[in-house]
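Just one chain follows, in the form predicted on its own, and it is written as C-alpha cells.
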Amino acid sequence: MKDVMILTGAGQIGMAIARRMGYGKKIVIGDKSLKNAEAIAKTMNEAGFDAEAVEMDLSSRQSIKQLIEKAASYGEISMLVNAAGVSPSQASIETILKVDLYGTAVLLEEVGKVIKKGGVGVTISSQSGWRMPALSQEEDELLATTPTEELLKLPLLQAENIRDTLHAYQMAKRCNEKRVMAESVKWGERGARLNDIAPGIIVTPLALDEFNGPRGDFYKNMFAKCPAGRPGTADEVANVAELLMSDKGAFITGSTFLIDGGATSSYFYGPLKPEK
C-alpha cells in the first residue's frame, strides 16, 4: 500500500504540481475527459511516476466519492491537488457555479473526511476572485460555511444576481477561497492542512482558449501591463504548491496565495485600474 495523491483536473497546472510532489505515491487523476486524464497519466508514467486515470465529474458528489473510493483502495490519501474547473469562455453561468463553486466545495469536504494525518491539500482558484468588490462579512460567511447541498440556493448566487459568466467565475473563486478557510479548520482536526493558490494568467490550453476568446485582448493587455510584463508558467504555480505541501509550509493552512505577476496590484493601483 502506498500513500495516494488525488489530482483532479488533467491540465498543465495540476500535472506540474503532481510531478513536483507525487514521487513515490500512487497518483489517481480524475477528469471529466478520460482521454485527457489518460494523456497526463501516460506522460507521468513515462517519467517514472505511478499514475492512473479515472473519469470524474466535479459537479457530481457521487462521482467525487467514487474517485475517492478508488484512490483509497491503493492506500491512505495523503495529498489532494484540485486543479479542475471551467473558464468563463468555456461554460454557462449554471455550469460554472455547479463545477467551480459547488464541485470544489464538495471535493474539499469529502477528501477532508478521509485525509491522512499529516496530509495536505491545495486547490486552485484564480486572481478573478480578487477583482470583485468586497462582499459583506455575512455573504463571505455564507460562502464559507453553508452546507454544500444548499450552496447553490444562496440568494447571491441566483441568476438575477449574476451578471455574466465572468461574474459567476469570480463568485466561484471567491467561494473557493472562503471555503478553504472554513474547511481547513476541519482538516486541522485530522492533523491535515489545506490551502489555496490563486493564479493569474498562466499559459495553459485553458488560457489559450481565453486569449482567443471574446476577452482575448483584455487578457493580453493584463499581462502586458502587470509588473511582471508576461504571463506565468505552470511550474511557477508548482513552486508555490511545493512550499505549501512540504514541511516548509507546516505552519500555513487556510490561506490563499496570489500568484499573478502583480496584475491584481496593477488593477487596483496601476495602469490596469478601470476608468470610472
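Given the structure is predicted, the values throughout are model-derived calculations rather than measurements. Just count from 1 along the sequence shown to find any residue number.
Although it is not shown, the form predicted together with a small molecule is what the next lines describe.
When you look in the predicted bound form, the only residue of Val120, Leu101, Ile124, Val111 with a non-hydrogen atom within 4.5 Å of the small molecule is Ile124. This chain lacks the partner; the member of Thr204, Thr148, Ser78, Gln170 within 4.5 angstroms of the small molecule in the predicted bound form by a non-hydrogen atom is Thr204. The small molecule is not shown here, and in the predicted bound form it never comes within 4.5 Å of any heavy atom of Ala41. Not displayed here, the small molecule is kept clear of Gln66 by more than 4.5 Å at the level of heavy atoms in the predicted bound form.
A residue is said to contact a partner when one of its heavy atoms sits within 4.5 Å of a partner heavy atom; Leu107 fails this definition for the small molecule in the predicted bound form, lying far away. Proximity of Glu52 to the small molecule in the predicted bound form falls outside the 4.5 Å heavy atom cutoff. Proximity to the small molecule in the predicted bound form, taken as heavy atoms within 4.5 Å, picks out 7-15 from the listed stretches 20-28, 7-15, 250-258, 263-271.
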